[in-house]
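Below sits a lone chain in structure tokens, taken as the form predicted on its own.
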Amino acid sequence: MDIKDTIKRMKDGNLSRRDFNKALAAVGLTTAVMPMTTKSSQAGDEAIYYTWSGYDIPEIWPAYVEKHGAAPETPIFGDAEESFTKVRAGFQVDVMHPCSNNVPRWKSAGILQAIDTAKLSNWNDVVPALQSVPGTQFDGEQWFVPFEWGQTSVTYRTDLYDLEGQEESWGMLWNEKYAGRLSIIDAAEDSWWCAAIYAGIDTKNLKEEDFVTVLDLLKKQQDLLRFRQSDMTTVEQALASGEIVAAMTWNSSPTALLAQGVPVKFANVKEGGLTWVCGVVLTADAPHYDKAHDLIDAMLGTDCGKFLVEDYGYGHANGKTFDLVSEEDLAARGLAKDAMTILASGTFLEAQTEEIEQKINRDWGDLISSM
């Protein structure tokens, strides 16, 4: 592999970051030591999209580039709480990428403004049930546009992790037999709630003792972990090499690994997975208001949606996307044309009170600092 040619293709916008990561992995390198930027117009001209690693690629916004001749700027955050904290402190962006449960709290903090759906040519094609996800509409205005939906569950190596006749369970990530070969997501938004599901807690009616139970579970798990991952490329590489045998992941990881021929399975955990709808919000002081709407609209396009389903294994908000994907491909990714069928199959990640969010983030912060 000519690494210089690969880097040039990435800079010129002719190679996706996902494929670039795969190319580097083939020679033992990662983007941690090879920071990259994509081609864009003069700095400050384009919409600024603050997002997760893996969404900073041309396939997510093809219509935006077609219209403006350049890609949006794409600073990356580690988790939603980090993005909230930085924007509230003054970090200026246009569009952020949280899940629906974050919206009420972020709106109350004054960092968001309503999105003008009349500026979105694809809005009427968004699945109606996703348009009205609880906590995303206020006084007849839309404060969140759904983009992707899916599950958090356990991805495991079927050739290396022995279930020993037991059902698939969240307990797989607490199995002492595989100490040092397990991983979870480095975000309370996933890991705290998945531990709560494993503990059998009623997540719609949290009690004070539930916080103690979850924290105790997470403490017991700490010594069993190889690492906590903040991006899925890291965990996919570790699963592919056999460094770890089971990990908490989103739908994208088993989809990517199976495409590489790695024998993995996205567990149908007996306690139920964590289901969610994520999407985009518009910041209160968005410096590129119109281009921000163009970006959101591009993300709702079926060309983006087809990529999202087939390459990442996530459901897409645009119902017309599913006319472009075969029933076999949907089933292989654990998806269905009816989004609500999947979302109702587990514990849906819902908005919580400010008090509950503070307790969860406090406990998670204490846990991380104790390592």
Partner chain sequence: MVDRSLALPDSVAKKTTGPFQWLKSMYLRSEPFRGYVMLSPTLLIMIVALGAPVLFLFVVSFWTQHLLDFTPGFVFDNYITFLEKGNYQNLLWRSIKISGFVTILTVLLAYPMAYFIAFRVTKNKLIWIILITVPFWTSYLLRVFAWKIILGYNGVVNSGLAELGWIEAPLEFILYNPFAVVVTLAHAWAAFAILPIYVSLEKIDRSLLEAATDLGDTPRQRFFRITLPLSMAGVVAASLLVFIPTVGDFVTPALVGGPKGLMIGNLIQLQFAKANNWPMGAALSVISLMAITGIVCAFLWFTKRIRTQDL
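Predicted, not measured: the structure shown is a model, and the values here were computed from it. Numbering follows the first chain given and starts at 1.
Same protein, other form: the form predicted together with the partner chain, not shown, and the subject of what follows.
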Q: Answer with yes or no whether G171 is in contact with the partner chain in the predicted bound form, where contact means some heavy atom within 4.5 Å.
A: no
**Q.** Non-hydrogen atom contact A259 with the partner chain in the predicted bound form at 4.5 angstroms
**A.** no
Q.
So, D186 and the partner chain: in the predicted bound form, are they within 4.5 Å at any heavy atom pair?
A. yes
Q: Look up in the predicted bound form whether K220 has a non-hydrogen atom within 4.5 angstroms of the partner chain, and give yes or no.
A: no
Q) With the partner left out here, if you bring back the partner chain in the predicted bound form, are E81, F227 and I368 all within 4.5 Å of it by some heavy atom? A) yes
Q. Which listed residue (E243, E141, D162, D290) meets the criterion of a heavy atom within 4.5 Å of the partner chain in the predicted bound form?
A. E243
**Q.** Of G180, P263, P75, P134, the one that lies within 4.5 Å of the partner chain in the predicted bound form (heavy atoms)
**A.** G180
Q) Which of these stretches, 292-300, 201-209, 81-89, 247-255, has heavy atoms within 4.5 Å of the partner chain in the predicted bound form? A) 81-89
(Q) With the partner left out here, which residues of 330-355 have a non-hydrogen atom within 4.5 Å of the partner chain in the predicted bound form? (A) E354, E355
